[in-house]
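Given as structure tokens, the chain that follows is alone and in the form predicted alone.
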Amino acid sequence: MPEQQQPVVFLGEGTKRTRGRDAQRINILVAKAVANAIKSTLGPKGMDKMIVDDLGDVTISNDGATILQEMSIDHPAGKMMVEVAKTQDDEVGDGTTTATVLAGTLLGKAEKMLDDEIHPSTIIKGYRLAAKKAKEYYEAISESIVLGDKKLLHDIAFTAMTGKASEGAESLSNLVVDAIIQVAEQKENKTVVDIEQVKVEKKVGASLMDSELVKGIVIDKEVVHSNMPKQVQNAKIALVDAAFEIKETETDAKIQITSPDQLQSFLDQEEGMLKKMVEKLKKAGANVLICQKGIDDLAQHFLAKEGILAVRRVKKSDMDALAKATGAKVVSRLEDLETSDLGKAQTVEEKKIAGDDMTFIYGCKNPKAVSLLVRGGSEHVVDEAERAVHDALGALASTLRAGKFVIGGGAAEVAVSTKLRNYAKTIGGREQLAIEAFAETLEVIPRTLAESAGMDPLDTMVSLRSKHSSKDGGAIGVDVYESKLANMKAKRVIEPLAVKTQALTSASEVAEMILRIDDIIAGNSKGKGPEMPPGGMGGMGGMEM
């Protein structure tokens, strides 16, 4: 009789392990829950989510990346879905909800294939083939755009904004287009756009329609001294990142003062040093000082006497933006300041906005850095408007980098889905099922748009497929405002190609990664710390599947 082998125990006490099909089921369940949590926010008619944190702070948004960042998600698979939205946001600035919903739907379709005994490796191979081909199809149906086409750029910005700042989307999108055109640069026949050069300042008060684009920079700081001028015309600006103060000595030093005369002499010396600093500034021809560090009270007095407007403790990012906008150089040593280092602006002015003093630097000649001042009736409105501006900036920047756009409203998704189904037939085998599942996944976008507009999703998809199978149906999509199918190109609903291809890449890669996992080992360090629940996601209990 053969000797019975004892099971080998290699995991510590308190370690929980889920293997095989159960591990895949839990991960897919969690990923689907995350996708379902933000699915209803998709599109112009998407609903908002209210997230209340532990401190009672409230965030109201329909921006996928914002919602997922604010939600408390504990499960690792859930965190991977949050990473999808973050990557999409960092890369192209828009399409975060699309990427997350696609990832969740791909995994939902994979779950059914796993139930039919199709191996995860086969599904992954099929998804890879489909993602590669889908990108080619998107590229094939895309159209070109150039920097000078303001109307098309406005349509892209407006499409990205709708649903977030609906009442002010028209005027805000015009401001965003102007901002992007201002900071865009042509390098080696390519359009280069750095959206960091568009500084977005938000202030509660007035309405979204009162938002303005400043062809220069807005600094959320006040003029340091009451006797300084509040407005300077024909400004010559010095950007200094050294303190206008008498600093401590580099090495430890001890100063002994034995008489009042010595003390007075010491104070006079200090005053003389500050006077020299101001004289150096005046000699260079500066009438505005923007300082990254502090300005001593006595130095403020001397600056005011010379009629120099000064602002202190300005952020480094603002200093860099000012350098780009005004043509100034940031000087680290005041002794090195030359007239050629000064920047120029038509006006530097302190204005009171919503009870706070802010410094406006505008009228810069051909500025490559601008500011967008976003206004709104309440903090929540301003925050959501800022997120809408961020999406529009990202959408325009990614459009100009790639120079391509596709038709929105779900039209591009149905067109690519139709082509993928035909492609699947040429592959055959079990991979064909995965490619067909990928094609169905793309259709979740128009289906969700139809649901948010109160349309019947099944009838909508049948009609859409029928129209796209005809020769002239490639631009037909879901018009959420009229709750019917329409030519979305005629409706001027267009989106950047880069947003679509990045969403495909992010969604398919995270789906492949989650499908590869067949073992979840959750252990506590020496029996301490919280245990990971089998499907646990803090703050998402009772989520519908």
Ligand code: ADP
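The first residue of the sequence shown is number 1, and the count goes up from there. If you're wondering where the values come from, they're calculated on a predicted model, not measured in any experiment.
From this point on, the text means the form predicted in complex with adenosine-5'-diphosphate, which you will not see here.
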query	finding
4.5 Å heavy atom contact, residue 211 to adenosine-5'-diphosphate in the predicted complex	no
adenosine-5'-diphosphate contact at residue 501 in the predicted complex, heavy atom, 4.5 Å	no
4.5 angstroms heavy atom contact with adenosine-5'-diphosphate in the predicted complex for residue 59	no
adenosine-5'-diphosphate contact at residue 75 in the predicted complex, heavy atom, 4.5 Å	no
Residue among 33, 26, 480, 515 with a heavy atom within 4.5 Å of adenosine-5'-diphosphate in the predicted complex	480
Selected contact from 371, 105, 96, 417, since only one has a non-hydrogen atom within 4.5 angstroms of adenosine-5'-diphosphate in the predicted complex	96
Candidate stretches 275-283, 407-415, 200-208, 310-318 - the one whose heavy atoms come within 4.5 Å of adenosine-5'-diphosphate in the predicted complex	407-415
Contact set, 444-468 vs adenosine-5'-diphosphate in the predicted complex - heavy atom within 4.5 angstroms	445, 449
